[in-house]
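Before any questions on how it binds or moves, here is one chain, the form predicted alone, in structure tokens.
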């Protein structure tokens, strides 16, 4: 095959993408509470060992392209769109006004705002550093993000305390650091209550996002479970306002089962927001697109969420690969990821209504007849054959994933 000229490559990518089929219209995509982050589309491929591979793009471009694809919601870190030195200045107000106008122009809404507390050198010792001046700045940043969220009509505020930890043992007092972090969160909630009262709006939902490692060597709140304990402690002044934003890959990274972590959040009434992506256990935060690594696990996650009527956002917390061009981000990365999510979500509905899975799970719950709860051997005999249904359920889930339940077969 001859080399593909540069002026033909975009056409080839578009043609093969279209040839894949299975895409949804923008109208269908807008039916789902899928949110597109500024940082996902504007990610240039840079990292500790990576030079940028894509050119910068503005929030105007990101919002316009998301709208064309069919996303109804956009979200951002404060400094994704407002340079750090422009925060708290008239320049901030000007940029926020431009964002509002751009969202309105493209029939989109801001779903969530989050404050960057990990990238700038001011966070070298974290958002709950020993310096009282830095901690005061943290409070200003968080309360300012809340104010921006209200101005843009957001419903959620997310906090990723990735620098809340240490690289050197003994350098910090962990209990004091957690108290200081709670002080900043409390300040954000207090500001939220006051701003919401003045604007006649509901308060925001404040969501903590856990990550087991990176960028600090040791993280003080590494898992969703540790954050649930933190929220329920006496440190948090408004625990009813604070919940979780689990990220699929963050739960997977430390070897856990995302579905089990989500179940615990659901039982606690704290699953407010959900970042969706994919990746590998015990690896770093690669943020691969949903369904490209663990499609069967993703199907099971969505069965859980549909079963328990989760109605919060699904946020595309994803890094387009360094091999993807600027054009590819919006022609391949985002739309195919959205379409895989929708397909898996609808497949989850098939699982819930599937008569074979229903009969198998109902039979397991009924248990075997003739068992004597006082006789352990009787219990084993009565249920022994029923337990084979566990593997049958797994097989049926796979059939639904590949469409075999609708008659799809391979002729060999």
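Numbering follows the first chain given and starts at 1. None of these values were measured; they are calculated from a predicted model.
This next part talks about the form predicted in complex with a small molecule, which is not shown.
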If contact means any heavy atom within 4.5 Å, which of 86-94, 296-304, 169-177, 110-118 contacts the small molecule in the predicted complex? 110-118
Does residue 251 reach the small molecule in the predicted complex if we count a contact as any heavy atom within 4.5 Å? no
Non-hydrogen atom contact residue 247 with the small molecule in the predicted complex at 4.5 angstroms: yes
In the predicted complex, does residue 285 have a heavy atom within 4.5 Å of the small molecule? yes
Residue 32 versus the small molecule, in the predicted complex: is there a non-hydrogen atom within 4.5 Å? no
Answer option from 158, 185, 146, 338, heavy atom within 4.5 Å of the small molecule in the predicted complex: 158
Quick check on this chain: which one of 205, 150, 77, 141 has a heavy atom within 4.5 Å of the small molecule in the predicted complex? 77
